[in-house]
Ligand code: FRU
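Take a look at this single chain in structure tokens; it is the form predicted on its own.
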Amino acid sequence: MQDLHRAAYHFQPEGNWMNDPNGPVWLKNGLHLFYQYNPFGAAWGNMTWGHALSPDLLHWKRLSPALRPDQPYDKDGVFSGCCVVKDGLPHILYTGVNPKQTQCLAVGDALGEAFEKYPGNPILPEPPVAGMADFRDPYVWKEEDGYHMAVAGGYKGQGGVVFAYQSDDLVSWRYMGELCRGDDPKNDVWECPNLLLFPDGQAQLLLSLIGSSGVYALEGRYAGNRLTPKRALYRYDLGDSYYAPNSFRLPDGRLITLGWLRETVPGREGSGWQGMMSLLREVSLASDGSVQVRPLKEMERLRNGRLFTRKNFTVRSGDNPLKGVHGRQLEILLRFEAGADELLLELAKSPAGEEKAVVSFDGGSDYLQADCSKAGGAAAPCGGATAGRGVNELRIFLDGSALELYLNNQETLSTRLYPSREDSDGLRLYARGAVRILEAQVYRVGSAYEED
């Protein structure tokens, strides 16, 4: 029987456990994606670098693992890291665990088909200061004066920190001090730091916080191996599933991120798999200095038939213009005037509504929310306040158990749902009050896998 919770166009392995995306990099033959993977089961463990290739950013070919925990310095796990191209070859920097956390190097061939670990590993055997709760997840980028690296850490009982390093050859690293230090109230370890650089020294630092179970961001100015924040740490994704994003640049200069979509309820290992990747997201800086996030433009090429289109109409409490539209692999576009009322969209809806997930936007408070509690998801809804506009554009991607929302190319919300009925595939669009819809589109989305 087909597993209706698996993804058709989000990346995931054929089975077993996966978590953080690692070292996404564009090589001659396409995008190489690595990820934390357990080859032996559907629970966390045996951390290995899984490997996949996409020639067009849409379709995926699953490959054999790139790195395994097979050396004394990484016998307890090949943890997260990054990949950069030097002299035409991909260089992986990762955290080896033995059980001490150290930073290590592996070098691949030009097509990313095989990697060899550096014989002098570990290249960073110790954190720069004593008293670290963790020391891991290297992220590397290149500047005019050489390579720069951010490594995550946490002072015990004090909070997160990101350390800055500099190198000429990716082997010998000089400690440059703290890139940034946190004062978050939960004294969180900062995982998987990614520093996104924009023109004129503007930057955004993405951090995954263990205790807070989410991705947060700091925005500010970057210079001299330091990030000076201009606003407080804030929630980067409003959902309860998105974690540990990693970033890379395409040959055309676009900055791309993707993250791990975690399971949101316990016991999912019984399905034989856990975890999938988010969609690829384009990140850019708007003219007003705000950071924009939108689905990868190429995603439109995966559309496999338009199921609904309508413009300039009003929805109220008893309406459902989407009656008769069904699917579990969908893209939905809604442009609407916010007003003071609430727009609601039910997805994965059974015929009588016993099962359903509800996406809502409250125009009075500019609050975006997803409630998957009646579709096998988390008991509590997830969401948050948004910037809000007179006219809003909401793009929704439903793919098996994955649900991703993009509002005005500004806010995102990622969560999971697990309806149990095969006929839970309907839609309903309505309002509490009255909401003017300027445009509504529903598309079927095709598979990202050749075998499908």
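Note that residue numbering begins at 1 and tracks the sequence as displayed. Remember, predicted model here, so these are calculated numbers, not experimental data.
The following text describes the form predicted together with the named molecule, which does not appear among the structures shown.
- Not displayed here, the named molecule is approached by residue 80 to within 4.5 Å at the level of heavy atoms in the predicted complex.
- Remark: residue 117 does not count among the residues lining the named molecule in the predicted complex, judged by a heavy atom distance of 4.5 Å or less.
- Although the partner is absent here, residue 38 is not a contact residue: none of its heavy atoms lies within 4.5 angstroms of the named molecule in the predicted complex.
- In the predicted complex, the named molecule lies within 4.5 Å of some heavy atom of residue 260.
- Listed residues 417, 47, 67, 413 were compared with the named molecule in the predicted complex; 47 is the one with a heavy atom within 4.5 Å.
- Taking a 4.5 Å heavy atom cutoff to the named molecule in the predicted complex, the contact residue among 368, 192, 348, 149 is 192.
- Segments offered: 19 to 27, 425 to 433, 440 to 448, 6 to 14. Contacting the named molecule in the predicted complex at heavy atom distances within 4.5 Å is 19 to 27.
- Although the named molecule is not shown here, in the predicted complex the stretch 231 to 270 places heavy atoms of 243, 244, 260 within 4.5 Å of it, in sequence order.
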